[in-house]
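Next up is one chain by itself, shown in structure tokens, the form predicted alone.
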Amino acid sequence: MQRTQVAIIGAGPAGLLLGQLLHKAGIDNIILEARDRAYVEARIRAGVLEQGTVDILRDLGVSERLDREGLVHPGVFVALNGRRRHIDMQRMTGKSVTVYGQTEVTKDLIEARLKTGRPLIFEAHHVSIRDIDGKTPRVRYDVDGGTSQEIVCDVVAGCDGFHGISRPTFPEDSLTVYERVYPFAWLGILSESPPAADELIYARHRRGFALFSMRSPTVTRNYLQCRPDEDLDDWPDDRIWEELRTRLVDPKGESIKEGRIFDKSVLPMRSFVLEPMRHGRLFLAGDAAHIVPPTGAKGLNLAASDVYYLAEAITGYYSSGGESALDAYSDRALSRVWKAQRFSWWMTSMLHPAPDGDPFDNRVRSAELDYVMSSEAAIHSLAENYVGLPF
């Protein structure tokens, strides 16, 4: 049997970041991860970091490679049928965003974790969480060979994603689920091609949404609105490049530079929130508690704010011996979660022609983007939310 203060389920960015925050506060913790290290480090996810997320990583001393390789973007472009408007977020808010892949954040956090000497256990199988209504919850898991282990702790942090075991541990009658599934998805590609624009381009076109993005000076990340049940075999490379040029109104390839496509995937679009984010001594953070459509670039950043609040709550619990800090966590985190959900829903609705919407609905969506592109007040609101609301 192992004894620790906090058991963290999941070694994605949320769990690893929480582990570093607790380590800095002198709070003992163990991280369990069902997959092996190579799998965790290879997962392709988000790539836009809010200023607040970057600040946390810097404060923890985990930003050396981020500061060297991350692409700082002071603004973004929005486009409507080829007409573009630049949003100078730095001028409007004093903040910027940084393009740095979640895969790279995870690698950096794993390296930082290993340097602490605190346990990081990969391939922890058949994890179960017990006794969450008491003061000493228990986490059981198997390691290779079938040997069972048990951790006794004060707090369990469920950071194991939407499909993890933490959320199903909640009693069904203790939670409320809010969910919306969108009638479209994103076809995402990674290509070996240099970005031809310095900043992201969010484009609405009558044929569908498109996003020009990047991961590094040599790798481009682009997206196209598609059906949720899209067959990737129906999207050969030539069709993808042609559709990107059409939707970005770039027939000469000035914003789209072709290169070898080495990854294709379909990303479903959904909004999901679980309330509350805590039951007994089990606390959820990141995708275990909420999912946002990727249009607003909030997924990883919400995970960062969740664990920022959770680390403060746990630190407050140990410093005061009272429950008030833990009791406040869910409401505090959800306040920011719902603001990010609102922004992500708004961006998604505005930028995507609805395949099942009536003509009036689609004209209103288009008019909304037209208004944003012509209004300083609306542009400022978009910029304020995009760079991230204060923690």
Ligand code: APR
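Start at 1 with the first residue shown and count on from there. A quick note: this is a predicted structure, and the numbers were derived from the prediction, not measured.
Another form, the form predicted in complex with this ligand, is not on view; read the next lines as being about it.
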May I ask you to check whether Ala303 falls inside a 4.5 Å heavy atom distance of this ligand in the predicted bound form? yes
Taking this ligand as it sits in the predicted bound form, is Ala11 near enough to touch it, meaning that at least one heavy atom pair lies within 4.5 angstroms? yes
Contact between Arg332 and this ligand in the predicted bound form at 4.5 Å, heavy atoms? no
Using a 4.5 angstroms cut-off on non-hydrogen atoms, would Val219 count as touching this ligand in the predicted bound form? no
Using heavy atoms only and a 4.5 Å cut-off, determine which of Gln149, Gln90, Gln102, Ser193 is in contact with this ligand in the predicted bound form. Gln102
In the predicted bound form, the residue from Val40, Ala340, Met350, Ile30 that sits within 4.5 Å of this ligand by heavy atoms: Val40
Can you tell me which of 280-288, 258-266, 239-247, 224-232 lies within 4.5 Å of this ligand in the predicted bound form, counting heavy atoms only? 280-288
